[in-house]
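Listed next as structure tokens is one chain, alone, in the form predicted alone.
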């Protein structure tokens, strides 16, 4: 009598590549954080979606939207969600630890150096130049996410209208980010919920 064949494995919840372990998450997010001078949004999108393919563009857009409206640093919120997605609490802790542990020591060292050389004109000019690059990275990431809005239940044109409204409110009218998120984000959430509700 032959031993019974093992039960077929259930279809994977995530057909795309996944992190191998919480340690893989820790190392990956440490590397992300060390690359993220001026903000890691652009780096996270490139590494998680384009290189490692741990998230689809749609998943990244959805997770980023949630991370943006939650209290606290949005990249930390995103790391929590990505870690929890694959390994639960262990993954969330590993991802956040990767974002904070090694970069903390790097920042402390840079802070000591900055305290000594902040008055140096060359150092000040270099930091202003880095700020311009950071702004470009964030803007480029936002533009790369726009095509994903074509699949949004509200339609591409409506989504572009929300994008323009948020840009005008923050960049032109100088309305605080929290009020914009509360008002415009609230309207978009309720509208989408009504659109997709049966």
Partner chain sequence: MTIAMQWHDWLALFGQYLLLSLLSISGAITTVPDMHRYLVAQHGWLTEAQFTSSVAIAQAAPGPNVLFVALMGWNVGLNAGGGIGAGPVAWLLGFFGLMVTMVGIMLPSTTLTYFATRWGHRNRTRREVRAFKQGMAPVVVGLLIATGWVLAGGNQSPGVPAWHLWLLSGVAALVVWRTRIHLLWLLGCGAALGAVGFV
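Numbering follows the first chain given and starts at 1. The structure displayed is predicted, hence computed values, not measured ones.
Beyond what is shown, the protein has a form predicted together with its partner chain; the following relates to that form.
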Practice prompt. Report whether the minimum heavy atom distance between residue 51 and its partner chain in the model of the complex is within 4.5 Å.
Written response: yes
Worksheet item: Might residue 99 be said to contact its partner chain in the model of the complex, defining contact as any heavy atom within 4.5 Å?
Response: yes
Worksheet item: Contact between residue 105 and its partner chain in the model of the complex at 4.5 Å, heavy atoms?
Response: yes
Worksheet entry | residue 20: touches its partner chain in the model of the complex, heavy atom cutoff 4.5 angstroms | no
Item to complete: Taking its partner chain as it sits in the model of the complex, which residues of 144 to 163 have a non-hydrogen atom within 4.5 Å of it? Please list them.
Response: 144, 145, 146, 149, 152, 153, 159, 162, 163
